[in-house]
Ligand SMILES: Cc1cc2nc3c(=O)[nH]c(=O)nc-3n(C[C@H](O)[C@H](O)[C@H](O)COP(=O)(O)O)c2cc1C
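Have a look below at one chain only, the form predicted on its own, in structure tokens format.
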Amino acid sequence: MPKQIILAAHFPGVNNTTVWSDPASGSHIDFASFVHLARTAERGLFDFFFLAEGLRLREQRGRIHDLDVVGRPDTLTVLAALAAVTTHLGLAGTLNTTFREPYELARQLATLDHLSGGRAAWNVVTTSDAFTGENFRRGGYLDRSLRYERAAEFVRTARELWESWPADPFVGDRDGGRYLDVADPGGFAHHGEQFDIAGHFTVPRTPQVHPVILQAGDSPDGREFAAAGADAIFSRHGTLADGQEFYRDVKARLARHGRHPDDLKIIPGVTFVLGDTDAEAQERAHHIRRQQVSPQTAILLLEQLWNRDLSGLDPDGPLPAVDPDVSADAISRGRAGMYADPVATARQWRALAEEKGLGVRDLVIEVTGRQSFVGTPGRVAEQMNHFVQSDAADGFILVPHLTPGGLDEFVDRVVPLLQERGVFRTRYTGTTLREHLGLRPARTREAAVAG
């Protein structure tokens, strides 16, 4: 039997994938935009809706980075509202472990899982960015080496809280006046390096017990963190070969954590462009990429690598002759460091620009694009299926370039073709997100003790 493809919808924003200047682009704040994308995804029988998070407006050269979509309402509030206007679609939010506390976030996610009937998911992220931390009382700064230590203990603590209520504590004996069949509901005590808390959790056990846990990040630490306890990893790779290497590496890490390869789904973020012919789709894709990377955006993105003021540079001219400045403070604030070795990356970019005869803007377009499926609906369905059946991914998080209607064409024209191939559902057969994704029930401490 062929593998079934996982599909999720990413609400655009906090990136330069979104073409906010396009006449067809709508609000990123109006609730109607969130509703439209979520309902389109559910009409297409998608597994989940994915919402990113931006905790501070980015700055570059001391100015707000207004070429990104900077408006971002609170993630959990939006997802809770969407629970009321959807019935099966999973609801996933990026929520930072550096600036929150386990009790607070575990309570909010447990509430979302109850409100949605078992459709909540948490994309676990960390940061060592002190600039973003200025928005928080304690400054938020955490040394890079401690980010994953805190995140791992944060998730362990949250799981203890989610399991603190027994599976069926309610008696509801109206005549006898006895509501609960447990003396200490929600009792917990966690004493660790990062968190020392004790008390009573206020939310009974939820339909999924543990919301689905996603992890975003391709670093060695991120891969190991995902292998140890995540249910899915939101990866980024540009070719079939890169995807297969990532897939093999992450799946191979699971055994040492006592897990099966199917316990972790690999779901890269991708874009797509459709056309009535492959040539038309390629032409549309070229136009969209030039909308996404305007001359101003090309210079801003180049500055993030060079860490220099390049405002006087010609966007159609050659790359800077000087190397990136690795000694100065970062010119861009509020964006995680993207390049481990800026000087080496700059040399690679120069070599590529020389080889292909590319100016600054065309070079940035070339090196910043994520995996994209471009072609007729039949071609895109074929390409996506090939990626999954070739073990380069278990599915995809689709990142449309328009809000809120950017997913409509995919649902209308590609989903039916995937269904015809027998690699995508024709109806929802479960009620929880875990069931949609083909994940086993959450393994609780009681289950582990029982063997």
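Keep in mind it's a predicted model, so treat the numbers as computed, not measured. Residue positions are given as counts along the sequence shown, with the first one as 1.
Another form, the form predicted together with this ligand, is not on view; read the next lines as being about it.
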Out of 143-151, 80-88, 101-109, 357-365, where are the residues with a heavy atom within 4.5 Å of this ligand in the predicted complex?
143-151
This ligand isn't shown here, but in the predicted complex which of Arg236, Arg253, Arg379, Arg350 has a heavy atom within 4.5 Å of it?
Arg236
Tell me, which of Gln194, Thr94, Ser332, Gln244 has a heavy atom within 4.5 angstroms of this ligand in the predicted complex?
Thr94
Verify the contact flag for Thr127: yes if a non-hydrogen atom of it lies within 4.5 Å of a non-hydrogen atom of this ligand in the predicted complex, no if not.
yes
Would you classify Leu37 as touching this ligand in the predicted complex, given a 4.5 Å non-hydrogen atom cut-off?
no
Is there any non-hydrogen atom of Thr202 lying within 4.5 Å of this ligand in the predicted complex?
no
Counting only non-hydrogen atoms and a 4.5 angstroms cut-off, does Glu409 reach this ligand in the predicted complex?
no
Those residues of 19-55 with a non-hydrogen atom no more than 4.5 Å from this ligand in the predicted complex are Ala52, Glu53
